[in-house]
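This document opens with one chain alone, in C-alpha cells, the form predicted alone.
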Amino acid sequence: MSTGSLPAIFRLDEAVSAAVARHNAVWQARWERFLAMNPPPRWNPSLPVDAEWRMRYEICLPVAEYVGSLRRLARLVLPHPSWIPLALGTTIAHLAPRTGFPSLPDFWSYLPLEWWGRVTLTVAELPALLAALADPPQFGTAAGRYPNQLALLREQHWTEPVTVLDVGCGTGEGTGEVVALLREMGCQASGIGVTREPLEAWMGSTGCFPHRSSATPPTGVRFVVGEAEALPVIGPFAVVLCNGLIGGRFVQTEAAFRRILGEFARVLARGGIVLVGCRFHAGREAALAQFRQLAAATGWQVAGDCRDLVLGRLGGKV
C-alpha cells in the first residue's frame, strides 16, 4: 500500500521523518559494527535461535534498546499509546518465552520474512511494520484453519438468530467465515470479534491491511478491543469461538484459564457452545490438557481433544 492511500490514523509528518532518521543513524552504525565483528556465516531464518546466536546479536544490537526505539516511533505514528503493538511492550520476555532472554532474531520471528535481517526502515514502511507486529504471521487468523468447527456448526439446527463471539479474533477472517457460514445456512447471524490489539480491530473493521493485501470487511461483524479474561461484552452469545489463544504465549496459567472459563459462562446463551481451537502452539499440549481438565472439573460438558475442544453448559448439547 502506498503512503498516499493510507488513512489518516497514521501520522507520517516531518517530526516522524526526523525520528526515523535518528533511529536509522544509530542502528545502521550498530549494524555495521555487528557485521565487522561477525564474519560469515551468520544467522538466517532457517536456523534455530540458540544461546550463541542470541549472545552475538545482543553484544552489538541489544533487542530491548531496539524495541524501545521502535516504540518511540510508534508513539509518534499511532493515534494513542494504547495502539502500540504488544510486541513492542516494555517487557519483552514474550519474544523468547522459553528462555526469557530474547534477541533481535527472536524479534524478527514476529515479522514477515522481508523484515528479517533489517534494523533500518523508511517512513513509508512504518504503517506496514506496526501492522505486521500487531498481526504476526505466526498468530494468523486466516479463514479455513478450523474445518472441524465449521463441520460442527453445519450440523446444528438454529431456530433463532445466532450471535457469535470470537475471543482473540485477530483481524477477523475466521470470525467472518463463521458468520458467513451461518448466513448461508439461512440463519440470521451476526458476530463480535474481541482482540487485545487496537490495530487488529481497526484492520478487521476497515479491511485495510498496510502489511498485506487489503480486503472487504466481513459482513455482520464488528470488532472491539478487550481482554479474554474481562470481556467487554454482555451477551448472550449462541456461539463463542476462542482459537489460538488458550495455551499460547499470553494465556498459560490456571488462574487465567479460570477467569476465561468464568467469562465464557457469563456470556454464553443457554444451550450455546464454546469452540476452542489450537493449531499453532507447538509444545503447548500440557497447558491445553490442563485447560480441558479444568473445564470438565468446573461444570462444563467437554468433547473433542485438546486442539479441537467443544464446551457446553446449562443443558446445551455437545
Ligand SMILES: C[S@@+](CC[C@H](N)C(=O)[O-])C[C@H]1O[C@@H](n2cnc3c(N)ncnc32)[C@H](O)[C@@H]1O
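Just so it is clear, the structure is predicted and the values come from calculations on it, not from any experiment. Quick note: we count residues from 1 along the sequence shown, nothing fancier.
What comes next is about the form predicted in complex with the named molecule, which is not displayed.
Within this chain, R196 lines the site of the named molecule in the predicted bound form, having a heavy atom no more than 4.5 Å away. The named molecule in the predicted bound form is approached by E227, whose closest heavy atom lies within 4.5 angstroms of it. The closest non-hydrogen atom of T163 lies beyond 4.5 Å of the named molecule in the predicted bound form. The named molecule is not drawn, but in the predicted bound form it has no heavy atom within 4.5 Å of H211.
For the candidate set G204, P85, G168, G176, a heavy atom within 4.5 Å of the named molecule in the predicted bound form is found for exactly one residue, namely G168. Checked against the named molecule in the predicted bound form, the residues L126, L245, V239, L104 give one hit for a heavy atom within 4.5 Å, which is L245.
Residues placing heavy atoms within 4.5 Å of the named molecule in the predicted bound form fall in a single listed stretch, namely 227-235, out of 71-79, 88-96, 118-126, 227-235.
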